[in-house]
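As structure tokens, one chain now follows by itself in the form predicted alone.
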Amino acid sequence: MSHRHTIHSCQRHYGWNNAQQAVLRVAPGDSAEFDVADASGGQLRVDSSAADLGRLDFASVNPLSGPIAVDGAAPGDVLKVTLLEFTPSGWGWTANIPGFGLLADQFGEAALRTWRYEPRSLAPAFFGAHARVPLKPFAGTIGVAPAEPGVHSVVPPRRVGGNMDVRDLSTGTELLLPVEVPDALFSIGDTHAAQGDGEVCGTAIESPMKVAVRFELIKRQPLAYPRFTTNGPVTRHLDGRGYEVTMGIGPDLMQAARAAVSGMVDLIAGRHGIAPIDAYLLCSVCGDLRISEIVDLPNWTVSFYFPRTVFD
């Protein structure tokens, strides 16, 4: 018989560590609801300002809820995590943190925009007077403990998951995670109300929320990296009015990505009369970076898609 468990907001940690004691033990088939903090760990609020970014304690950012031990999980198994439900809080924030983000050299000043949104209907959230961003809640950080001993930063993603920032890890998605340690030690965090593929300024609509998941175990099926299955279309919240697309072309994918995003910042700022920093933040919360071509030596093509529905 399966059970439903609750992980409270105080049951959190700040680094991957396979020696960490689990806050809860579950059986395969059980589900759990996590009370997930925003990426600032509660240091930012809806009335915060850019000045508050300079006071952030970065040792306390990106907290993880958990870890949870899964009975019977062993190295070489796969933990199947079904994302059952997201219950958003109704507020969030997006920031440009100096030194962080794809265009950090172009945007050196701290900037913070806070959001209020309707948590039940998930109607598009207003950004200024004219832009409205479609919402799609998901978990930015989700994974299990790595085999390597010691404490590991939550910032980079790993082969066992972590801070992957994949927008499609949303309601209904089934995520497969490779298990490297006994009990798997699953954790989740960094929930977002919306994000573009690439999260180019380094933040999305960072938003606390509750997340319900179900655990299943697939024995003796080694997996090199995470894999997931969605339960339907993944961009229908953005597709309705088409896209504006800018491109970057060259032998370096990172430089091509920077060129594509920089071109979109210029396009949005010039066409809609908003500050370049606001255009950059919008690109992060709803624009998508795509590798359009990576076979035609010596140059690769990166495209940046911005949904027209945001301004229509």
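Note that the structure is predicted; figures quoted are calculated from it, not measured. For every residue, the number given is its place in the sequence shown, counted from 1.
In what follows, reference is made to the form predicted together with a further copy of the same chain, a form of this protein that is not presented.
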Practice task
With a further copy of the same chain left out here, work out from 150-158, 108-116, 210-218, 71-79 which stretch has heavy atoms within 4.5 Å of it in the predicted complex.
Solution key: 150-158
Handout entry: 4.5 Å heavy atom contact, residue 300 to a further copy of the same chain in the predicted complex
Key = yes
Exercise for the section: Report yes if any heavy atom of residue 308 sits within 4.5 Å of a heavy atom of a further copy of the same chain in the predicted complex; otherwise report no. Expected result: yes
Problem - Interface membership of residue 128, a further copy of the same chain in the predicted complex, 4.5 Å heavy atom rule - result: no
Practice task
Answer for residue 40 alone: is it within 4.5 Å of a further copy of the same chain in the predicted complex, judged on heavy atom distances?
Solution key: no
Handout entry: Sole residue of 84, 166, 97, 181 within 4.5 Å of a further copy of the same chain in the predicted complex, by heavy atom
Key = 166
Exercise for the section: For the three residues 226, 254 and 259, verify that every one has a non-hydrogen atom within 4.5 Å of a further copy of the same chain in the predicted complex; reply yes or no. Expected result: yes
Practice task
Taking only heavy atoms into account, state which residues of 241-277 are within 4.5 Å of a further copy of the same chain in the predicted complex, ordered by sequence.
Solution key: 241, 242, 243, 244, 245, 246, 247, 248, 249, 253, 254, 257, 259, 267, 271
